[in-house]
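What follows is one chain in structure tokens, specifically the form predicted on its own.
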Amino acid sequence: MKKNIAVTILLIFCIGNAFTQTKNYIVPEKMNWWYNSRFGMFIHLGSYSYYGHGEWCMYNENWTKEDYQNKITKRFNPVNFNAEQIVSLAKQAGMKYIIITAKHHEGFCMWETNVNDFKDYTGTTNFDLYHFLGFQRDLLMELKNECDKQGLYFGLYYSILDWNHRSQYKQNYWSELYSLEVKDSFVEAEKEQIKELIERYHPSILWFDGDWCEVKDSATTFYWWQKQDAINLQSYILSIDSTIIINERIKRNLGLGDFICSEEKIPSKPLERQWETCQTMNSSWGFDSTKINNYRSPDTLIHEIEAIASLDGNYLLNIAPKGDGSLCEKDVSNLLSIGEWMNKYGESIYCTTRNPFSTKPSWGFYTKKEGKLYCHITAPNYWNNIGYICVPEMQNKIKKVYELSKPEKLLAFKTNEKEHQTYILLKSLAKPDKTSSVIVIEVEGTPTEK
């Protein structure tokens, strides 16, 4: 979002950046809880976590299936996975739902699958925690039960491509079938696994990935996952459970699924339908020991939550447990810091919708809900030096103005009808929140630009 060149200091302070608005979304009933949640946890955990080189290490480092499974997967032992700790942490951070990797591109299943098409490299043992490793616990069920207990929604990630499956994985390609003749049986086997996941864990969300074959007039060994495959899979899922929310990566950019996925990017304007940004804390989805010093600050992550809510989106923030299932200290500390802010200001994120104005403020972000406009002030100089912010004039009558964490202390305001701006005075308040303070403008009706 590029800043406009201001003509006057007042314009710099009060107008900010122009951007295009779209109409608010018509939200299907099954999407209401997700749309109002705004903030969720992504968990990448698989046998790659043991090696600590990220979730793409099998492909990036050119491992054979045999070496990868013997030297990495066989040493994966998530004995310290603690579902209660993870869900409690998510709840403290203000997250409302959790998505965990059931099967990533490496093909290793994080549950006991009884679909016998998914064997290890020898073709003799189902490639999963229970059969291949003899791991007795059901980690997905532990997490599901804890989500139910603590009131969070539960979802599963599933990779459409599968580097372990006998139908695919040539070391110099990320996904290619050995022949088209094996495609139908592979797709049917994946449907069996997905049915297994739905009937066993009853996820609220199925979060697909690995769908990035280009759309062609007909399938090839390289471009094998096509639009009709995704349509068929989506129909199959909904025939089992019509309430499941499906992301667009069942086959992206075709209008399928229920919401758009923006990976590690925040769009410049609201997208054409419900959307979510999935984001890492340190540029790696799976645990990567080389990036433990690359973590972004909680302030940065909080500002991304605010920015995304102001654009009518959701924020899915990733954690990457280690190979023993324990959590990285920085994942924990960042989420606890976010939780401190959300505990004070979460009202300005949950159940809110987009910026109602045709401009973005230079001092931060807007969110809104019926009767309230939230002004997220991320630039401390407005508080410390300038002493006021300007808000575009609204059609709504203003009832009162206050800082969200101090509702008893009202702030002075004045609307200049000639300038079509409302000035909110800040200096009467104590020092702002170190990350972002939120001013509430209570109005009659839904905040609307005049």
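So that there is no doubt, residue numbering starts at 1 and follows the sequence shown. None of these values were measured; they are calculated from a predicted model.
As for the form predicted in complex with a small molecule, it is not shown, yet the points below apply to it.
Undergrad: Taking heavy atoms and a 4.5 Å cut-off, does W212 contact the small molecule in the predicted complex?
TA: Yes, contact at 4.5 Å.
Undergrad: Please run the contact check for C278 against the small molecule in the predicted complex: heavy atoms, 4.5 angstroms, yes or no?
TA: C278 belongs to the contact set for the small molecule.
Undergrad: At 4.5 Å between heavy atoms, is W383 in contact with the small molecule in the predicted complex?
TA: It does not: once the small molecule is placed as it appears in the predicted complex, W383 has no heavy atom within 4.5 Å of it.
Undergrad: Would F42 count as a contact of the small molecule in the predicted complex, using a 4.5 angstroms cut-off between non-hydrogen atoms?
TA: Yes, F42 is a contact residue.
Undergrad: Quick one: from Y374, F357, W207, W341, grab the residue that has a heavy atom within 4.5 Å of the small molecule in the predicted complex.
TA: Contact residue from the list: W207.
Undergrad: Quick one: from E272, E263, E192, E84, grab the residue that has a heavy atom within 4.5 Å of the small molecule in the predicted complex.
TA: Comparing distances to the small molecule in the predicted complex, the residue within 4.5 Å is E263.
Undergrad: Just to confirm the contact call: exactly one of 86-94, 219-227, 346-354, 104-112 touches the small molecule in the predicted complex at a 4.5 Å heavy atom cutoff, so which is it?
TA: Single hit among the candidates: 104-112.
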